[in-house]
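Only one chain is included here, represented as structure tokens and corresponding to the form predicted on its own.
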Amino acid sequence: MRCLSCHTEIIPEVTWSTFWKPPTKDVACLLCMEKLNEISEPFCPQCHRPDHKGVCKDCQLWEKTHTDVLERNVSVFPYNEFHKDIVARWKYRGDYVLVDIYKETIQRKWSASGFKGMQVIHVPLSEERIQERGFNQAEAIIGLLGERSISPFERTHSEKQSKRGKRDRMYSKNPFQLIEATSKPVVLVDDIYTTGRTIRHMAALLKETGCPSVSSFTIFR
């Protein structure tokens, strides 16, 4: 078995207990697993920004312009260089199996988030992005969680957020259209929380049409 990230051969430790009951196959080597660096305290209680005590400046600004739109975001990992490389291979080069590196930690964080039982909605991609990638990464994450999602949104344009600067993202027009309202608490699922603009675009539409609360669960922050 080789590490999904660096392709180093993984040699399992052999003990009397593993001899009689073989362990679950590892998907990454110890060195790569140490680089996962799960977010831990301190972090912003509203957006999960790592290494931050109290509510961050971005969230303070959002509360002035978009009060009571998003309850909170929970993220699992900081979006550092190690994760950026894996995301690029996963999303843009078709190396779908890489998401298994995160599976155990993501599932544990989801169980501890308090979101189970809420209506799950994935962030939609445009048809152009679906054709480019062959899958929706948010739907793949939800499948990893063992949940089912609904899709009450459509995209009105397909401009990539990754090409925008922070200021442009913060003040961009809403690219979504809500086609079906819900009266249940909702958790939005996506891969990356950057400025929180995408999530708040969707949350604002949901709240305007009667949704009682909107939170989000993202893999990277």
Partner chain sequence: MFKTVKKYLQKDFSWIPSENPTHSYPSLTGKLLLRHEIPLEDEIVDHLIAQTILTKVTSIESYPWAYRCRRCGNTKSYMFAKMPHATCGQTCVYCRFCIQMGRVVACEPLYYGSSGFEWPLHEHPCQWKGELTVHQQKAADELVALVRTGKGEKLVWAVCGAGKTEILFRSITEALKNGKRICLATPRTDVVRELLPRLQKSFPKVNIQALYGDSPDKAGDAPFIIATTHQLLRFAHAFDVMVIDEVDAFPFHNDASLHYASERAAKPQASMIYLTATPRKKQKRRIRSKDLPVVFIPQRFHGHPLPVPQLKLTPALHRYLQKAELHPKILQQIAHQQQTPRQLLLFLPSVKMAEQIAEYLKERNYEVRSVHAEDRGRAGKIQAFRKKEYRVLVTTTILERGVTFPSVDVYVIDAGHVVFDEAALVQIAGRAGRSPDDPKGDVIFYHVGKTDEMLDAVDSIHYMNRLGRKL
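Positions refer to the first chain, counted from 1. Source: prediction; values computed, not measured.
We do not show the form predicted in complex with the partner chain, though everything after this point is about it.
Here the chain stands alone, but in the predicted complex its contact with the partner chain, taken as any heavy atom within 4.5 Å, falls in 123-131 among 123-131, 104-112, 145-153, 71-79. Using a 4.5 angstroms limit between non-hydrogen atoms, residue 117 is distant from the partner chain in the predicted complex. Proximity of residue 93 to the partner chain in the predicted complex falls within the 4.5 Å heavy atom cutoff. Not displayed here, the partner chain is approached by residue 98 to within 4.5 Å at the level of heavy atoms in the predicted complex.
Relative to the partner chain in the predicted complex, residues 62, 64 and 189 are all farther than 4.5 Å at every heavy atom.
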